[in-house]
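Presented below, as structure tokens, is a lone chain in the form predicted alone.
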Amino acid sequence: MYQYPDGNVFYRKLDGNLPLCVRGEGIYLYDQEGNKYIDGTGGPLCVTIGHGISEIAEAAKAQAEQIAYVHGSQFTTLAIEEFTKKLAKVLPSGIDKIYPVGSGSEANETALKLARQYQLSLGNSQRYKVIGRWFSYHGSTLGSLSMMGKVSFRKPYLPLLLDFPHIPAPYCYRCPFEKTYPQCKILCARFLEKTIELEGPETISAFIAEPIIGSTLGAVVPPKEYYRIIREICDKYNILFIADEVMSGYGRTGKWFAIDHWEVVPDIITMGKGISGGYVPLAAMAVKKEIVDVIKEKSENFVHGYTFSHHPVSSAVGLAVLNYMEKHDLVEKSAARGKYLYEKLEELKEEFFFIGDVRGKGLMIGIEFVKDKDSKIPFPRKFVLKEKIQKKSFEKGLYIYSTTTGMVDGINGDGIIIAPPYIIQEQEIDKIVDILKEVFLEIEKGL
């Protein structure tokens, strides 16, 4: 591992050194010692089109040479106008007003504030609460932390958070109601209505959900009826439905947005990570025009902003990534390669007793590990199984992403996510699976 002499970087992880990455090309990363790694996750699912693509760098350079920065309240630019115009064409029908920001946390914070101002504009001054789900992730700002249900992230900051309600996640593998689909009658969705009624409909502004649950549970896919029921409940109580597509959107699941799998249109979509392919910080909130029109009529302006929102260079990169994805049919390739990856991982599931579940869509596939398949009992946290799997994979040249600590009960539960760039080929997927098999064989000996 590399340690920069007297380095000044405050890293998130404080207990070790990091390899120095010097180059990326396609689905591969290279460190300062010449080691080659398959980028099997793109960090937290950021890298969509691959590393080292020259036209993306050229788009950033061309825009920076033209105009690098203007404030979004004073000027517009061709970069942002063209980017949002093209982005609107791939969004669900009716969602066409786009507010670019710098991160997924910012996008979800923006959605939280928009929902509140929309309700104020309608004269609903008591509506401020956003209902979230347990085992969800929406960002690191205090507003997004208030909406999320990731216990380990919330706990240190609980005194600072808003007291927002949460409902159980649609986690069929471990149904929170101890039911079996479809006899469960989708209680996980219907619980939203019960919570609204208990809290008081007059206090609720919105409901937020990741269409496919990301890092907290590892690519959990809700039942086919789930979002239709959610949409009906939100409509019944005049509550906005926010789809957090920061991780699952932008082609990751084989459609432009994961919510498209359910043919349901939310009121707001947030997106990030893959929106720029990982080349620059970029995210966005997109919303139905009629919602913006209400705010414009009643309030004139949206009372919210960031210095680096509506950024020209980031927008130019966003447009270049969008063009590249369309040119190379990468959403369709994500669907096809994802099907192949899923089938290969299902084969591994049959070989190893500790693989409890393989799930996901497109190139967003999660694996959950269990001590016993029948009881689904997780490994004790002290065994640090996911960390061992991640470390051994890295040593063999595969970079993967692990799920949140405590995905079962807030303490125990282990999983990983495989989410390579959409340009991956089948033989490269075979290599990922071969490395995982080697790792699992080694892990099995110590269980």
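All values reported here derive from a predicted model rather than from experimental measurement. In case it trips you up, residue 1 is the first one in the sequence shown, and so on.
This next part talks about the form predicted together with a small molecule, which is not shown.
Colleague: State the residue from Y137, Y227, F369, F207 whose non-hydrogen atoms include one within 4.5 Å of the small molecule in the predicted complex.
Modeller: Checked against the cut-off, the match is Y137.
Colleague: Quick one: of Q119, S103, S146, T77, which gets a non-hydrogen atom within 4.5 angstroms of the small molecule in the predicted complex?
Modeller: None of the other options qualify; the answer is S103.
Colleague: My question is simply whether R133 lines the interface with the small molecule in the predicted complex - judged by any non-hydrogen atom within 4.5 Å.
Modeller: Taking the distances in the predicted complex, the answer for R133 is no, it never comes within 4.5 Å of the small molecule.
Colleague: Is the gap between V220 and the small molecule in the predicted complex 4.5 Å or less for some heavy atom pair?
Modeller: Residue-level check for V220: no, no contact with the small molecule.
Colleague: Is A316 close to the small molecule in the predicted complex, meaning a heavy atom pair under 4.5 Å apart or at it?
Modeller: No - in the predicted complex, heavy atoms of A316 and the small molecule never come within 4.5 Å of each other.
Colleague: Answer for S334 alone: is it within 4.5 Å of the small molecule in the predicted complex, judged on heavy atom distances?
Modeller: Contact with the small molecule, no.
Colleague: Honest question, do N108, V246 and K273 all end up within 4.5 Å of the small molecule in the predicted complex by heavy atom distance?
Modeller: Verified in the predicted complex; spot residues all in contact, yes.
Colleague: Look at the stretches 372-380, 158-166, 192-200, 238-246 and give the one with heavy atoms within 4.5 Å of the small molecule in the predicted complex.
Modeller: Correct option: 238-246.
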